[in-house]
Every structure is written in structure tokens, then in C-alpha cells.
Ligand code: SAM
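A single chain comes next, written as C-alpha cells; it is the form predicted alone.
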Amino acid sequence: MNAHVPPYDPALPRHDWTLADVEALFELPFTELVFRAAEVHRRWFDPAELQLSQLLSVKTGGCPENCGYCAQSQSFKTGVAATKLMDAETVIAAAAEAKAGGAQRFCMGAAWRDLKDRDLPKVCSMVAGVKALGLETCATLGMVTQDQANALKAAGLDYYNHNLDTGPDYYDQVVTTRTYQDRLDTLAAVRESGMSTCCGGIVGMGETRRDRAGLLHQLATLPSHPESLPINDLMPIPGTPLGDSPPVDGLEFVRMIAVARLVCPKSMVRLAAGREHMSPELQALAFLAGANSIFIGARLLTTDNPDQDADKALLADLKMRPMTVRA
């Protein structure tokens, strides 16, 4: 071996992944894939720790987008009523309650196509108030301009969530009111502002394994990997185009977590929507494969989530603990 060439370290972040590379990871024997992901996970994180996040819908329903999985789209009859944007005081009080319940990170979601300048001051007040509680802050508000991203950063927003949802080849089967490039442009504005990006997707929408690889390939080849990478298992909503989607096999879901950990080794890989229908054993496998964050609280926007007692029992059974808060 040439002494001047450092040995390849699979735990180091890289941005030269090809789609074929990512597909090859999916094809590894299951135990080999999970073993590799667990090794990489231990390089950057304590495997016994989970970050506990809580999500609040600060503006529900009435969204003009037609995302085929979403109960909040005005295009579908799902029984979700449109509401106005909450007052900052109400949101801050909910964040304080979440912190008292063990949350370390508080996420605020609004069912908008894009953030309007008229709503920006109220949102910034929410962010500043939640940040003052000592919580990590995240928001998902649709598309944002550069000036809006800068203002959110100045207010104290740590992360901005804007998911790619799926791979580029399958995207138009899920949503047609916003392009893939629109999503990439918002992520670019978030990075430029200095905020961290929160970006992932959903499995179980009828996509193929290649589409899942396509999503992770997109994330792994961004100018910087998303610091937060949520993987959602579709919660089918009656009345939406994807409401009758068959569930993804549990081992296939774990493969998605493991490959995400391998291609974005320093990201927080978040086990997001779908835990309500996952067994404790499946969740444990996901943690072994590299997931290191969960959402707590009874609701995730408009869908159910395991209750607090169930999550406490799960962590106790696995001898896992809340993540040490970073300065």
C-alpha cells in the first residue's frame, strides 16, 4: 500500500456516492448490512442514547399541496379541519410541557405551501420563546426564501425540516404541486442561512427499493449531509391517494435505516412516523441499525404516536437513555 494514501474509512462522510453504490448496500445480506451500520453508528454516537423530540402542529389543514400521503391537503376529504396559526404563547406553553415530559427537541409544523412574510414575525416569536426554554428547535413551514431563512436563523431556529419524500424518479407519483427542484432550492436557502437541515423521506408509498436508494443517494450527495435525517413509515390516511398502500416489510424498513446511517454517518437518523404500528423488537432493530432519535408525545401532526408510558417501558427494556444534551 502506498504510504501516502490513507486507508479507506467507511465511517467518514463522503459525497461521491453513486446510485449503484447505494443500491449495492441495500442488496447486502441483512445481518452484514446491520453490522456495518452499527459499527459506523458507534463511531459517531453513543448507541445507548436516543434524542427525544416532540412535534406540534402549529397550523393544521387547508394546505394547497397535493402530497398523496397527507391528511392536511385541501385536495382530499380526510376529516381534518383547517385551523389558524396558533399564538406564540400557546406554542411556548406546549413546548414547556413537552420539556417537562422529557423532550429535548421541539418541532413546529405548519400546513403551508410556503411561509408568508405576514406570518414570519409570529413564527419568529415562537422560535425565540421555545429556544429560551433550552430546547433544540426545528420548524417545517413549507418553502422559504433566503430572507425568511435568515430571519428564522436569527430568531434561534436550529433546524429547518423540508423532506424530499422519495427518490426523484418516483416523486411525481406522490406530489405534483411542487417540484423536486423547489425542495432542493429551499434546502439550499436553509444551508446558506447557517441553519442545520432536517431532510428525509417516507417509505411505504408504493415505491421500489431503487426509489428508496434514490432518496438516500440524493441526501448523500447534497453539498452537506442533512444534520437530521427522518425516516417515516407511511401511516396510511383514509381519503388520501395513498390511503390503501400496503405496509413495507419490517426488515426492509430496517434496511432503509441502516443504509441511511452508512451514507450519512454523522446525521441524526430519526425514527419518525410509523412507530405506532411497529413492535418493540422492530424498533430495537432500527436502533441497532443506526436510528438514534424518536418522536415522543401522543400525536405526530395528525397521526397517532406511542404513548409516554410505552416509550418509557421500551427504553427501560433496552437499557437506553435520553441523549446527553449538547452545548
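Keep in mind it's a predicted model, so treat the numbers as computed, not measured. Quick note: we count residues from 1 along the sequence shown, nothing fancier.
The protein also exists as the form predicted together with this ligand; that form is not presented, and the subsequent description refers to it.
Though this ligand is absent from this view, in the predicted complex it lies within 4.5 Å of a heavy atom of just one residue from M86, I237, L120, A155, which is I237. Put simply, of A189, A94, A110, A151 only one has a heavy atom within 4.5 Å of this ligand in the predicted complex, and it is A110.
Among heavy atoms of H162, some come within 4.5 Å of this ligand in the predicted complex. Within this chain, A273 lines the site of this ligand in the predicted complex, having a heavy atom no more than 4.5 Å away.
The closest non-hydrogen atom of R183 lies within 4.5 Å of this ligand in the predicted complex. Among heavy atoms of T197, none comes within 4.5 Å of this ligand in the predicted complex. Annotated contacts: W17, Q218 and A258 are all free of this ligand in the predicted complex [non-hydrogen atom within 4.5 angstroms].
Residue heavy atoms within 4.5 Å of this ligand in the predicted complex occur in exactly one stretch of 175-183, 122-130, 219-227, 248-256, and that stretch is 175-183. In the predicted complex, the residues of 49-83 lying within 4.5 Å of this ligand by at least one heavy atom are, in order, Y69, C70, Q72.
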